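Only one chain comes next, encoded as structure tokens, the form predicted alone.
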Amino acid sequence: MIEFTLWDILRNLLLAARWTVLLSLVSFIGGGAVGLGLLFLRISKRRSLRALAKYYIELFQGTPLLMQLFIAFFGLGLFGIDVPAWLAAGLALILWTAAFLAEIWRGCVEAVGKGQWEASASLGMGRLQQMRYVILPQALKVAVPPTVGFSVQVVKGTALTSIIGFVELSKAGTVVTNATFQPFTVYGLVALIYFALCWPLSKSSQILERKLNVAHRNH
């Protein structure tokens, strides 16, 4: 029987954690790009575009991420499309992240006073110019803390991708446990690694929120 040292276990978990980090980054960056597009649709003057974005957001916020992963992995297979687990995981997480970021950012844009819209319109700015030069710079300050805070949910959401076979930190924990028969040690280390990834993000979100609130009060 092969003996596994604590370092052997930790090393294998850290190697798997890189895929958790990579998947989180891809999901957050991709979700941010799609979410920005959804934001513009959500605040569009055209009712049909607003409705389209609203239904998308409600669909992805109103269904479990687990179901979305299953559909991305098995659903496309019904049409004869072979989807690798990493691709299905990335696609599902990007679409899920986009729905939440779009709604977070919509709230931040709506927090900007209507007077700012009217003032910029009086200067002859178009819709895109209003967003670029007046609204988004102000909304960005409000959006930073909740956006950073939501990134913690994205990191934790990657754990669900193990259900479709993507080998990230949680899946690696199961594999290592089956090999070592040390579940307490393995899952204890898995929890510590997740904490090491998520705690700095949570803390930075709190610090940013406190700093921006102070700046806003001083202003």
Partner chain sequence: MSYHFEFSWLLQYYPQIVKGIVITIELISIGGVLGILLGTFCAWVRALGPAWLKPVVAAYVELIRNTPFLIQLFFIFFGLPSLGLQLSELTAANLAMIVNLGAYSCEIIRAGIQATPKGQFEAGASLAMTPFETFRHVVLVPSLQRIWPALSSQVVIVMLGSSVVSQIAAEDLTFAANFIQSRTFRAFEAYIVSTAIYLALAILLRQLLAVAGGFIFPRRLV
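Computed from a predicted model, the values in this text were never measured in an experiment. Residue numbers count along the first chain shown, from 1.
Separately, the form predicted together with its partner chain exists; it is not shown, and the next lines address it.
Task: Interface segment, criterion being heavy atoms within 4.5 Å of its partner chain in the model of the complex, picked from 125-133, 106-114, 85-93, 70-78 - done: Stretch with heavy atoms near the partner: 70-78.
Task: Contact label in the model of the complex: residue 33 to its partner chain, heavy atom within 4.5 Å - done: Heavy-atom contact with its partner chain at 4.5 Å: absent for residue 33.
- [ ] Considering only heavy atoms, tell me if residue 22 and its partner chain come within 4.5 Å of each other in the model of the complex.
- [x] No, residue 22 is distant from the partner.
Open item on the list: Does any part of residue 194 reach within 4.5 Å of its partner chain in the model of the complex? Heavy atoms only, please.
Closed with: Yes, residue 194 is a contact residue.
Task: its partner chain contact in the model of the complex: residue 187, any heavy atom under 4.5 Å - done: Answer yes; at least one heavy atom of residue 187 falls within 4.5 Å of its partner chain in the model of the complex.
- [ ] Sort through 26, 163, 179, 49 and report the residue having a heavy atom within 4.5 Å of its partner chain in the model of the complex.
- [x] Exactly one listed residue reaches within 4.5 Å, namely 163.
TODO: Taking only heavy atoms into account, state which residues of 13-38 are within 4.5 Å of its partner chain in the model of the complex, ordered by sequence.
DONE: The stretch does not touch the partner at all.
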